[in-house]
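The chain below stands alone, shown as structure tokens; this is the form predicted on its own.
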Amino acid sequence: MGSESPTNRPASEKKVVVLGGGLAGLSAARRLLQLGFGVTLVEKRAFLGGRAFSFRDRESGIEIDNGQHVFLACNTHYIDYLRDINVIDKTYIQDRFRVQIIRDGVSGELSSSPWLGPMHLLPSFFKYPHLSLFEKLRALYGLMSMKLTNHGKISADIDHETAYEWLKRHGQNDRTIENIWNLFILPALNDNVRSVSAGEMIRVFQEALLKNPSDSRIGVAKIGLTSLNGEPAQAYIEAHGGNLSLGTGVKSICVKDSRVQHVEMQDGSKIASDVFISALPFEVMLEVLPETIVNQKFFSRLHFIETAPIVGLNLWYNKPIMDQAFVAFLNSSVQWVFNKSLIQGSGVGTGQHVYISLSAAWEHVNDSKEKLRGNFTEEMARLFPAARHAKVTRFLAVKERQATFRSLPGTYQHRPNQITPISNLFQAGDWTQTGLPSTMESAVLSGVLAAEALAKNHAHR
């Protein structure tokens, strides 16, 4: 799929309008072009990429991401997307999974031994200093229970149970939950293990850590997210005959006789088309659809989906404070720290740019810049000895209040399919039914599924 070229395909008489220029919309447009459809993509902002975007810092001129987006080697749809728009070489993917984890000054590491297959973490796990031997045996029992859980059984039986309840039921104590399970779940699902669905937790571990050892390798962008995800996608769409309309958002979707008649834009213009794919956020869908449509069961369940915030803190030090590309912390308000100077080469002079990623950041999302700077500069000095002798020359906080949807118990059943009851309206978004949490991979996959469902529907007409 990722290598399929649209250039030798005849242009389709069927025209498709894609609403929304985030990863879901861009993925849908790319796949439609590969399938031979005529595509127009509309986006309210002047740039593409949705929640995976970056902006120029006015003071330093550096391209700053709106959040530290990471992906895993198992995210094949997102990787295919990057290959198609010719930027895969602008990312870094580990040779093997390896993460340093520090608690109260004691450093440990979880790393992959690929020759062990699904048990690839076992050697490093038994050296892991943040659990006792008995707790490690508990955790192994939990992992094996996850591995043996039938994927189809997840949504039916345990989606209404919290991950915390499931873990406790499978012999995990609070220390094990804090020092190993929540370490992964907090960044992966942008929520605490006490809140998320047990089904979603199990899916994460099954896909990322319990299959092929290479699946768990972490990938990061070496350039800004707009330069990675948005601008090359725009070039791809235009080079393959697609059209773009930027700078005007959707005001309403006019539906009559179970068909979209047209879309009214915020500038007063109207867009008509044979068929539409909406890649708008779910909360926007509830605003732009007619009330009678929103009250139907298919769309009304979107009211049950909630969101979670992420806060990102950029700190520029006058001298280096860390050598690693990234490191995770336990028992600290700091969760993960990324060395942007090393990853992106964004250092200024002899200084260093680091990024603190705070998932499930309700505690901090309303804090002032001054409070965040004071609290986290102090905590970084506690965590990194070199930071005690370095000066923070610049501080920038980036808040995404609706960064992801929440994988709460019961949410899985409220995520709708890409095929809607409106005959010529399909939808894409990480929140649709993809089997994945709120990630770039889920967004890209949703666009593929929507485009292919549309193509299948068109083939039967």
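Since we're looking at a predicted model, the values are computed, not measured. Just count from 1 along the sequence shown to find any residue number.
Beyond the structure shown, there is the form predicted in complex with a small molecule, which is absent from this document and is the topic of what follows.
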Would you please decide whether A325 lies within 4.5 angstroms of the small molecule in the predicted bound form, comparing each non-hydrogen atom pair? no
I'd like to know if G249 sits close to the small molecule in the predicted bound form, meaning any non-hydrogen atom pair within 4.5 angstroms. yes
Taking the small molecule as it sits in the predicted bound form, is Q266 near enough to touch it, meaning that at least one heavy atom pair lies within 4.5 angstroms? yes
So, in the predicted bound form, is A139 in contact with the small molecule at a 4.5 angstroms heavy atom limit? no
Heavy atoms within 4.5 Å of the small molecule in the predicted bound form: which of the stretches 32 to 40, 419 to 427, 65 to 73, 389 to 397 has them? 65 to 73
Here the chain is shown alone; which of I310, V87, I356, V260 has a heavy atom within 4.5 Å of the small molecule in the predicted bound form? I310
